[in-house]
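In the block that follows, a single chain appears as structure tokens, in the form predicted alone.
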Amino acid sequence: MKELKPAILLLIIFTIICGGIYPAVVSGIASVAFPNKAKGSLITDKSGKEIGSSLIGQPFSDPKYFWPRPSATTEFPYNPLASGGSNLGPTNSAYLKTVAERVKAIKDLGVSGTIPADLVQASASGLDPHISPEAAQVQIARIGKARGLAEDTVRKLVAAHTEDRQLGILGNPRVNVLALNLELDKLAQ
């Protein structure tokens, strides 16, 4: 009983410090130092309406838009509450069938050549908002045709929205699909 009282007291103290005070202080510092990121990196339209986050992918299926990576989240695509991959291995027959169907669907819609893996395979989180520059490049002809734009105009837009590796060494070059599609919509106005 003698050891129980200090143990319970320490539990209460550390719960208050680690579960309340510390998260509140860190959240407060983040809100002041990085206000946009602390609020979820939300993207708004001209009227101030929130239309998405630069951190979470969104479904685009219209031919006039760049298509994102497929999502493997449950209930509906790009569900942030169900983040996670499908957990199907690369030799799983259901997975192979799904990838083959995605490749066929993309080719049927006019994309020719080699289809980059990130257009037919979901990311580990199922929420990735980026595609590779190669995945954007294979869609340029389709986008140009659907929007009546010169391919060179679309290519320059992709180049302008290609983000380099973080710190020059981490990750791979990438293109944020939502930001790119919003810029395409601005061109149409």
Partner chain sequence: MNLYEWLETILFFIVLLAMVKPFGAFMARVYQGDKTFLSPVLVPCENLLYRVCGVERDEEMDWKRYAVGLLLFNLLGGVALFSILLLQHLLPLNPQKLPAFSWHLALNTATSFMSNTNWQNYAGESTTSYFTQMFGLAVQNFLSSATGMVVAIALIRGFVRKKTSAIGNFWVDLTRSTLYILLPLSLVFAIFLVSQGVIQNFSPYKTVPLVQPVTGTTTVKEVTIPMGPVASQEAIKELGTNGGGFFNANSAHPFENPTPLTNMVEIFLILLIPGALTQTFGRMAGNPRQGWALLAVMLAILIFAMGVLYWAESAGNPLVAKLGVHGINMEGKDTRFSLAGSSLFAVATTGTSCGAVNTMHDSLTPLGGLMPLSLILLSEVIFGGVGTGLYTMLAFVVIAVFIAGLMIGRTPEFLGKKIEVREMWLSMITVLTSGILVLVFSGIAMMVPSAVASMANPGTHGLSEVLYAFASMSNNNGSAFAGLNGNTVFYNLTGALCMSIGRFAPIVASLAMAGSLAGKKYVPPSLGTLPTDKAPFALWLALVILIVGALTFFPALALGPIAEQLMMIR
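Whichever C-alpha set is largest while still superposing within 1.5 Å between the two forms counts as the rigid core. Positions refer to the first chain, counted from 1. Quick caveat: nothing in here was measured; it's all calculated off a predicted structure.
One more form of this protein should be noted, the form predicted in complex with the partner chain, which is absent from this view; the next part is about it.
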{"property": "Contacting member of S53, T153, Q137, T162, with respect to the partner chain in the model of the complex [4.5 Å, heavy atom]", "result": "S53"}
{"property": "The partner chain contact at A82 in the model of the complex, heavy atom, 4.5 Å", "result": "yes"}
{"property": "Contact flag, A146 vs the partner chain in the model of the complex, heavy atom cut 4.5 Å", "result": "no"}
{"property": "Touches the partner chain in the model of the complex: L180 (any heavy atom, 4.5 Å)", "result": "no"}
{"property": "Any non-hydrogen atom of A141 within 4.5 angstroms of the partner chain in the model of the complex", "result": "no"}
{"property": "Residues within stretch 117-142 having a non-hydrogen atom within 4.5 Å of the partner chain in the model of the complex", "result": "A117, D118, V120, Q121, A122, S123, A124, S125, L127, D128, P129, H130, I131, S132"}
{"property": "Large Cα move at A72 between the shown form and the other one, threshold 2 Å, rigid core", "result": "no"}
